[in-house]
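In the form predicted alone, a lone chain appears below as structure tokens.
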């Protein structure tokens, strides 16, 4: 199992590095309304957590960029271990009989300045208790949905899923639609994507390869979508629409998001956990 842990955590770091490089290139190539500003670069900070019983509980690195295309984008990698609280262990597969855990993953949230460039979210993770599984996925939240963007985003995940199991995409797409639904608003958060959890097919290498392909699909498609719209001007009314849309994003993350809950319940870095919050938001 140690070898599997090392391979998974190394992949998350590799993916983080390639995504950060790609997004910094978008900042360099940007020629939109804020092109007179200097292009942003990721600032990295390391953090450590103390386990609930004391002692080292692992940690991670937050990479956050604020620039001329991205109002804020964060790409975080963490590898943590320790013991779940008795209450939280009941909700985690394999933890009720033994509350010890190990978890590694990558999490990304991007909030562009432009209402024509969609917000995106992505994460994949490998969790080990007395059981071991992969989870994750990605979704897109445009202020003004574009049919071609939505089609291309879904097709990227469909191709990644299709390499492994033809049933994955319809299953994980529906899971995403159901999961990223704001129940108290009776509306979806965005245009969806895929979401999966507790993936343990019995073939660890196959599950790992699938999670890698999901990461590559997200890494490759988002810059293509961003380049279509990132230099387009916008109006104050369109910017207002973006800020109100972000309000829905905040509501979901604080009320329903499993990753937020997991991080807070396991003593994670609060700044890294709440990195998903946009810098500016409005509510009606």
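Quick caveat, the model's predicted, so the values are computed rather than measured. In this text, the rigid core denotes the largest set of C-alpha atoms whose superposition between the two forms falls within 1.5 Å. Numbering follows the first chain given and starts at 1.
Another form, the form predicted in complex with another copy of the chain, is not on view; read the next lines as being about it.
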(request) Let me know the one among 125, 173, 116, 72 whose heavy atoms come within 4.5 Å of another copy of the chain in the predicted bound form, would you? (result) 72
(request) Find the only residue in 241, 254, 61, 37 having a heavy atom within 4.5 Å of another copy of the chain in the predicted bound form. (result) 254
(request) Report yes if any heavy atom of residue 274 sits within 4.5 Å of a heavy atom of another copy of the chain in the predicted bound form; otherwise report no. (result) yes
(message) If we define contact as a non-hydrogen atom of the residue within 4.5 angstroms of the partner, is residue 264 a contact of another copy of the chain in the predicted bound form?
(response) yes
(message) With the partner left out here, check for me: in the predicted bound form, does some heavy atom of residue 90 sit within 4.5 Å of another copy of the chain?
(response) no
(message) My question is simply whether residue 164 lines the interface with another copy of the chain in the predicted bound form - judged by any non-hydrogen atom within 4.5 Å.
(response) no
(message) Can you tell me which of 98-106, 181-189, 132-140, 205-213 lies within 4.5 Å of another copy of the chain in the predicted bound form, counting heavy atoms only?
(response) 181-189
(message) With the partner left out here, which residues of 269-284 have a non-hydrogen atom within 4.5 Å of another copy of the chain in the predicted bound form?
(response) 270, 271, 274, 277, 278, 279, 280, 281, 282, 283, 284
(message) Rigid core superposed, CA of residue 10 - does it shift 2 Å or more between the shown form and the other one?
(response) no
(message) Rigid core superposed, CA of residue 274 - does it shift 2 Å or more between the shown form and the other one?
(response) no
